[in-house]
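Take a look at this single chain, the form predicted alone, given in structure tokens.
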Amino acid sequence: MSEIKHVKPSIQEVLESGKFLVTGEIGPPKGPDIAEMTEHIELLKDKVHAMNITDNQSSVMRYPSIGTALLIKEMGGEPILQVTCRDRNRMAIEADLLFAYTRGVRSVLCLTGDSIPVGDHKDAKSVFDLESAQLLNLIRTMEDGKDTGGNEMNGSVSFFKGAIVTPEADPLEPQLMKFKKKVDAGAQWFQTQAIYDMDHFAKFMKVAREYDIKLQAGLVLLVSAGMAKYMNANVPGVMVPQDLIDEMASAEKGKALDTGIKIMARQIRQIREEGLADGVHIMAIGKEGVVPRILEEAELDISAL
């Protein structure tokens, strides 16, 4: 079977060229109706360099990441395949990666995955045959032409291997240990969990810059002050500073989303102008339609980079 050729440059090509990488996120639907998802892909494919596809995010069963990756390719976009270790053992992951590779997918973001109890299949059995660093090692083994059983394959693969890091973790030291472990396992680029405190992020980046990797700042769109307070109370590794909560709370009635867009656009400009990171990953959860507006307000046009 012949490979599907890249319609757009891969994120590795973008980063290695020194350009500021801009990626978005696609959340597959819970069911077979992919019309809305297709609309989001069409909307974003020329506004961002690539799109992450979540893999049963928050342990909620959804349309598969790999199926969405192929759809993005078909529509002329560039996918980033998320792979979690929660639902598949190493054999199944290896098979999925072989399939993805033969269909032109070249970027993989490796995650351990959320635990089953937080999702909607409470009686499902967790697999966790591997964790994210082991998954990175698995890919390196396949790049050497072997599977994790030590068996020769009839060829090798080549992926741009990514992982996540949480700069707002408290305490930070265990997170830095995990970060280094992932680098040692072969991670070439990182996306962060949501960041809001730019001063704190700058301090983290002084440590991250000691390693030969690329890193994107992960940004989650705020839609209300209540959302910010909820994340502070319930989402580990996320801390929205009080001044941003106050800014959201002071928004005119019906204008909270507009304020959230302004905040994210301001953050993107700061990250780019100050060189805090090699790009941004925009997560407008449930509000994917406003991403072009965010980029416009951030004065960020990938065609002009």
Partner chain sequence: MIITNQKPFETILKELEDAKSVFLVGCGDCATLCETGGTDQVAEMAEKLKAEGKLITGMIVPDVGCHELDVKKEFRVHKDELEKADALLVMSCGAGCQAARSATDKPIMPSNDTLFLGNIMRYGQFEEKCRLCGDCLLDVTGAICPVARCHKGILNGPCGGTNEGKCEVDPEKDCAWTLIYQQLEKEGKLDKMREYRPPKNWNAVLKPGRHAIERKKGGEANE
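None of the values given here were measured: they were computed from a predicted structure. Positions refer to the first chain, counted from 1.
The protein also exists as the form predicted in complex with its partner chain; that form is not presented, and the subsequent description refers to it.
Mapping the unseen interface onto this chain, Glu173 counts among the residues with a heavy atom inside 4.5 Å of its partner chain in the predicted complex. For the chain shown alone, Phe201 is not a contact residue for its partner chain in the predicted complex, no non-hydrogen atom being within 4.5 angstroms. Put simply, Asp197 is far from its partner chain in the predicted complex: not one heavy atom of it is within 4.5 Å. For Gly218, no non-hydrogen atom is located within 4.5 Å of its partner chain in the predicted complex, even though that partner is not displayed. Shown alone, this chain has one stretch from 151 to 159, 74 to 82, 218 to 226, 108 to 116 that lies within 4.5 Å of its partner chain in the predicted complex by heavy atoms: 108 to 116.
With the partner removed from view, the residue among Ala92, Met177, Val207, Leu98 that has a non-hydrogen atom within 4.5 Å of its partner chain in the predicted complex turns out to be Met177. Annotation for 117 to 133: interface residues with its partner chain in the predicted complex are Pro117, Val118, Phe128, Asp129, Leu130, Glu131, Ala133 [heavy atom within 4.5 Å].
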